[in-house]
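As structure tokens, one chain now follows by itself in the form predicted alone.
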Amino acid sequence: MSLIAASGVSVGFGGPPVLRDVDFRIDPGEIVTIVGPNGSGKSVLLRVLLGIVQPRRGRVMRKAGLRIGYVPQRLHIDAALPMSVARFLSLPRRQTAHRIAEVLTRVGVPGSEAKQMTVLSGGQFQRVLLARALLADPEILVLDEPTQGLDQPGVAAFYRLIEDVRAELGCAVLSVSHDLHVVMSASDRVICLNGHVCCEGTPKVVSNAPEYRALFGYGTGGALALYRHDHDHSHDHDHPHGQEAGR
């Protein structure tokens, strides 16, 4: 049984449809990545799948009691608001010190409980967001372009961490990104979206599909090799949270 399945989904907000006749499914333990250009409806589809946005037509089915861990595209915390990592991880449900220490170690930022969220680097911040998602003991981990602002080594380190988490927990992973530069080499399926499903298949099949090439050209041929490189996790500490790094 699929964790989430959508059939014939169309979405509009008073104007032309943002999504048209989209079919989707993700099964237990599967890694699915949605790619597409800006404005292609990726985040809208994600919100529909999560039940935040209701489709104009079609239907979405989710496994009863499905546990979802969500890592957002970005999260702003006011610099004037005192918010330690430990406090952040205890919202909205209080967590034990042991559980917090355990999950921070799991995502590669051990001992950061007392640090203020606003002083974390971009890579550290995203790892804390991932830690918060893992506290839900998710059956599916949902990532909405979680590496914006990180340089390529930082992106590589983050997605390798996701691969490790998936291997350890056995959870499904649904990742949304703007192109194949942030697709895990281990993705089972990639869905190329541009208001509708243009093409679907393994990363290699999609990257060579005419529909994908029409959207992205031929400049991403080496993208899938990115996460096979042995970058050190320290790379993602180079850029303070909130600053854009070169991509």
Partner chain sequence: MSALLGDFFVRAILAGLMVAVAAAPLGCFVVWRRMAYFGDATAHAAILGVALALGFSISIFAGVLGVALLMALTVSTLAGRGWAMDTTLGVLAHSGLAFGLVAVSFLPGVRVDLSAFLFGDILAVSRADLAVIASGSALVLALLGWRWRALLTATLSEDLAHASGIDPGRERLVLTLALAVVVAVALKVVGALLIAAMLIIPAAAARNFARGPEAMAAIAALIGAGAVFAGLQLSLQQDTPAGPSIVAVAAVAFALSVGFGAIWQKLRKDKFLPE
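Positions refer to the first chain, counted from 1. Since the structure is predicted, the reported quantities are computational estimates derived from the model, not experimental observations.
Note that the form predicted in complex with its partner chain isn't included here; everything after this is about it.
**Student:** Indicate whether residue 64 is a 4.5 Å heavy atom neighbour of its partner chain in the predicted bound form.
**Tutor:** No, no contact at 4.5 Å.
**Student:** Look up in the predicted bound form whether residue 87 has a non-hydrogen atom within 4.5 angstroms of its partner chain, and give yes or no.
**Tutor:** Flag for residue 87 set to yes.
**Student:** I'd like to check something about residue 170: if you look in the predicted bound form, is any of its heavy atoms closer than or equal to 4.5 Å to a heavy atom of its partner chain?
**Tutor:** Judged by the heavy-atom cut-off of 4.5 Å, residue 170 is well away from its partner chain in the predicted bound form.
**Student:** Tell me, yes or no, whether residue 137 is in contact with its partner chain in the predicted bound form, where a contact means a heavy atom of each within 4.5 Å.
**Tutor:** Residue 137: no, not in contact with its partner chain in the predicted bound form.
**Student:** Taking the partner as it appears in the predicted bound form, which of 78 to 86, 96 to 104, 147 to 155, 160 to 168 has residues with heavy atoms within 4.5 Å of its partner chain?
**Tutor:** Answer to the contact question: 78 to 86.
**Student:** Can you work out which of 31, 68, 60, 198 has a heavy atom no more than 4.5 Å from its partner chain in the predicted bound form?
**Tutor:** By the 4.5 Å heavy-atom cutoff, the listed residue in contact is 68.
**Student:** For a quick check, can you give me the residues of 109 to 136 that have a heavy atom within 4.5 Å of its partner chain in the predicted bound form?
**Tutor:** The stretch 109 to 136, when checked against its partner chain in the predicted bound form, contributes 114, 116, 132 at the 4.5 Å heavy-atom cut-off.
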